[in-house]
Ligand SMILES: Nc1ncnc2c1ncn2[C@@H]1O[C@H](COP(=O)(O)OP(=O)(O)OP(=O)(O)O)[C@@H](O)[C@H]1O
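Heads up, the chain below is alone and in the form predicted on its own; it's given as structure tokens.
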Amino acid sequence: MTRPVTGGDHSLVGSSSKIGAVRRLIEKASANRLRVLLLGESGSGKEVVARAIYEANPRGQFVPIDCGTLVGTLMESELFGHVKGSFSGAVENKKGLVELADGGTAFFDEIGDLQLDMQVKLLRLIQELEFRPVGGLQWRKADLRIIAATHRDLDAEVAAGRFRQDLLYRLRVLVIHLPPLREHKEDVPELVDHFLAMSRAAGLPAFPPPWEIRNALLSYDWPGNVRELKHAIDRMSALHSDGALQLSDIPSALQNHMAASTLNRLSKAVESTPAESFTLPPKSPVISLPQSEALAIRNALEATAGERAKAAHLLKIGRTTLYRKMKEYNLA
């Protein structure tokens, strides 16, 4: 069962023990205003967790800040604002992102990418809860909750001189580690159903992935994590038509994984089969999924000398499913 922390698109989906542990930390973090540091690979859902913490106990605005763009004077103005006449083009006073987050939550995304000169200014904000707009003379107080996130190893960044140790100490109050999707694959079916529901809500037609695709989604390691899975579902939902999914509609990384998995299973089955008695037909870039299924079943039957039980085991499907598919594709 899908168990989102909050409603809408910013839901933490999954019932695994790893996601359960993250969910418990979200509940604890939302009960106070302590600083939170989110660690995890790109695409693992750090902003989802940050929004879940905020939405569990909303106060003020949630303001995401992309630290990779905070470079130079103009970016300092983006963060802290500026006063009229402070630089060429500053024709009026401007509020920065920190002031917008006053009373709420500032989410510093990919803080490991923040330049050293900006780290100094952020340290002052964290220590004193005050900031000064570009060109301003007066310090301004800010009442805000800070959540930071990064995919980098900040201890290694400190050792390399790219991240301030004193800033790391101040950020590392409550740390939440987000596991990569490959470490909680049992959540993939829930995530797939969740993203399919989102696709339908966006006006895309219903798309029930066939068993071959679902098996691939479960066995693939998802180096891009949950974000990559969502993009894969979005792509297949948008490109399939009339219930037919072409091989070219599937993301190339997943295509390669499916091909490698099939070849690996078949290679094990034909180790004792004379080479001249087993050949693969040429690959077609426009083969449909039904054709792909039929081809895999035909190859498995040939590799097992027609023994259906062994063929089903080779394909990692039930015998009932194999018989139904054989009848459907006239392979009986």
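In this text, residue numbers run from 1 along the sequence as written. Here the structure is a predicted model, which means the values were calculated and not measured.
Only in words, not in the display: the form predicted in complex with the ligand, which the text now covers.
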Would the ligand be touched by all three of Q119, R124 and L171 in the model of the complex, meaning a heavy atom each within 4.5 Å?
no
Indicate whether E110 is a 4.5 Å heavy atom neighbour of the ligand in the model of the complex.
yes
If you check in the model of the complex, is H82 within 4.5 Å of the ligand, heavy atoms only?
no
Does any heavy atom of F195 come within 4.5 Å of a heavy atom of the ligand in the model of the complex?
yes
Given that the ligand is not shown alongside this chain, does A106 nevertheless sit within 4.5 Å of it in the model of the complex, heavy atom to heavy atom?
no
Of the options V98, L114, V226, I147, which one has a non-hydrogen atom that comes within 4.5 Å of the ligand in the model of the complex?
V226
Only one of 26-34, 296-304, 39-47, 55-63 sits within 4.5 Å of the ligand in the model of the complex by heavy atom distance, namely 39-47
Even though the chain is shown alone, can you say which residues of 142-179 have a heavy atom within 4.5 Å of the ligand in the model of the complex?
H151
